[in-house]
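Quick heads-up: it's one chain on its own, the form predicted alone, in structure tokens.
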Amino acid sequence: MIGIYGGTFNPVHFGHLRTALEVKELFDLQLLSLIPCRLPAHRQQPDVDAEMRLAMLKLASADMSGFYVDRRELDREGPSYMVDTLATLREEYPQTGLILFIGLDAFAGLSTWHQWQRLFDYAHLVVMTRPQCARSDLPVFLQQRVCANRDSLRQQRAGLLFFQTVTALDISATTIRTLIAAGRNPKFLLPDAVISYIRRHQLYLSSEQDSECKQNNS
């Protein structure tokens, strides 16, 4: 089975990486495809170029066996709709089970996604939940797809919904960007290689810091 884990990764951090590792092991994936989003359909455009976010993701996952950084959304024009991404993956892997992994917050807004029902035509959907997280009532469309155990996902290539508890690391990309803009050290929240990249390219600085850097480099 192949897993799909998408996001803006702005920047990638240990919260992303820990859950990615857990689901790869729990679902015995042959490959976990990490897909940075070029143009989010449901949030503001990231302030960091997509190629830079891709580069940071490659640095963060370089020593992880079975992780693959996939640039397909960066090479596609228009909003980065996940249904289009899954359609291209299904063309490449017609006989392989695909699992789309999303967080609980993203799942709460699933009905706003472009052609969200069609996601199940191409892949299973696994919601990564926090321990003791209450599950809200689901619409009938989703209730009919819920399965009780992970093994059920291997019996067909797509179409099921499963909830998987993962380790909840209280780390957010927003917090990291805020720390950096305040001149504070983000160490232990994301890989050192990513921190070095951020510093080398002077990313996430406040407007005052950015102006000072430009003056120093002029």
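Here the structure is a predicted model, which means the values were calculated and not measured. Note that residue numbering begins at 1 and tracks the sequence as displayed.
Only in words, not in the display: the form predicted in complex with ligand ATP, which the text now covers.
> To verify the annotation, which of these, I171, L190, V69, L160, has a non-hydrogen atom within 4.5 Å of ligand ATP in the predicted complex?
Exactly one residue meets the criterion: I171.
> If you check L142, V83, L98, I102 against ligand ATP in the predicted complex, which one has a heavy atom within 4.5 Å?
Looking at L142, V83, L98, I102 one by one, just I102 meets the 4.5 Å heavy-atom criterion.
> Does every residue of P186, R199 and H201 put a non-hydrogen atom within 4.5 angstroms of ligand ATP in the predicted complex?
None of them does, since no heavy atom lies within 4.5 Å of the partner.
> Quick one: which of 149-157, 22-30, 163-171, 55-63 gets within 4.5 Å of ligand ATP in the predicted complex, going by heavy atoms?
Stretch with heavy atoms near the partner: 163-171.
> Under a 4.5 Å heavy atom criterion, is L74 part of the interface with ligand ATP in the predicted complex?
It does not: once ligand ATP is placed as it appears in the predicted complex, L74 has no heavy atom within 4.5 Å of it.
> May I ask you to state whether R38 is within 4.5 Å of ligand ATP in the predicted complex, using heavy atom distances?
Looking in the predicted complex, residue contacts with ligand ATP do not include R38, since no heavy atom lies within 4.5 Å.
> In the predicted complex, does A87 come within 4.5 Å of ligand ATP, counting heavy atoms only?
So A87 does not count as contacting ligand ATP.
> With the partner left out here, check for me: in the predicted complex, does some heavy atom of A106 sit within 4.5 Å of ligand ATP?
Yes, A106 sits close enough to ligand ATP in the predicted complex that at least one of its heavy atoms falls within 4.5 Å.
> Taking ligand ATP as it sits in the predicted complex, which residues of 11-26 have a non-hydrogen atom within 4.5 Å of it? Please list them.
Heavy-atom contacts to ligand ATP in the predicted complex: H13, G15, H16, T19.
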